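Next up: just one chain, as C-alpha cells, the form predicted on its own.
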Amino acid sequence: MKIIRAKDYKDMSRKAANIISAQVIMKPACVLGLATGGTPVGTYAQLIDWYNKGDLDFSEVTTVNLDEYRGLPRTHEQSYWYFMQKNLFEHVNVRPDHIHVPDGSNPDAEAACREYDQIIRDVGGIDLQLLGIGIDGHIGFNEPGEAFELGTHCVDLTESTIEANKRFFDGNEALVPRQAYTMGIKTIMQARKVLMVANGANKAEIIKKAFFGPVTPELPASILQMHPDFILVGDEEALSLV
C-alpha cells in the first residue's frame, strides 16, 4: 500500500489524475475502472483539462464503471451513466462503444450482473480501478456485511448510504433508489492497480480503521490492504489520523 498526501482537494485531484494519465500514456488501450460520487469530480476535471491541452488521448481507452442504481434509466440525471457523461465522457474522445456501465434498467438482476462480469472478462480485465470510500467503509456499493462479495451483484443499500446520496435527489430520501448493481470485491481486487481518492475530515476515522486495522467484511475497504498495487491519495484532513 502506498499513501500519497495532498494539501487539499485540488492537489488530491491533480495527484490522482497524474496516476491515471500515466496509465493512459503507458498503455493507450488500457481499461480504466471508474467511480462516481463527489470525490472523483476534480480528478475528472483535471483529466479533461490535460486532454484539451493535447496531453492525453482517450481514443483507445475502454472504461468500466463500478456501479449503477437499479431501476434508473441511463437518461435519468441521477443515473451514474448520466454522471459519467457530464463529468468526463462528453469532454474527451473516449469511444461510445468503449464505455461500459451496469445496466440499471434491466429488472433481471441476475442477468444484468452476469452480463457485466462477462463484459469485464471480454475487455481483458481492469488495468486501473478508481475508488472512493464511504463513511462506513464501503467501496462501490459493497456494503458492510458478513462476507466479501465476489462478482457483480445486486445490493440493498444501507440507510447510511441512502442518507449520503439523498443530496443528489433534492434532499428527498424517498426518491433515492434502494438497490444497485455493483462490481464485487473479487472484481475490484483483480484490477492490476487500485487508486483510491479521499478528502475531508469526515473520512479520517474510516481511513484509519480501513487501512490500519483488521481486514474484515464489516469494513469492505479493508481488503485493499491485501492488494499488491494499491495507492491511496488523500488530502490532509482525510489523512489526519494516519
Ligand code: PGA
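When you see a residue number, it is the position in the sequence shown, counting from 1. Every value quoted in this text rests on a predicted model; they were computed, and no experiment measured them.
Same protein, other form: the form predicted together with this ligand, not shown, and the subject of what follows.
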| property | result |
| --- | --- |
| Any non-hydrogen atom of T187 within 4.5 angstroms of this ligand in the predicted complex | no |
| L130: touches this ligand in the predicted complex, heavy atom cutoff 4.5 angstroms | no |
| 4.5 Å heavy atom contact, H153 to this ligand in the predicted complex | no |
| Contact flag, R167 vs this ligand in the predicted complex, heavy atom cut 4.5 Å | yes |
| Which of 209 to 217, 39 to 47, 57 to 65, 24 to 32 sits within 4.5 Å of this ligand in the predicted complex, heavy atom basis | 39 to 47 |
| Heavy atom within 4.5 Å of this ligand in the predicted complex - qualifying residues of 176 to 208 | K203 |
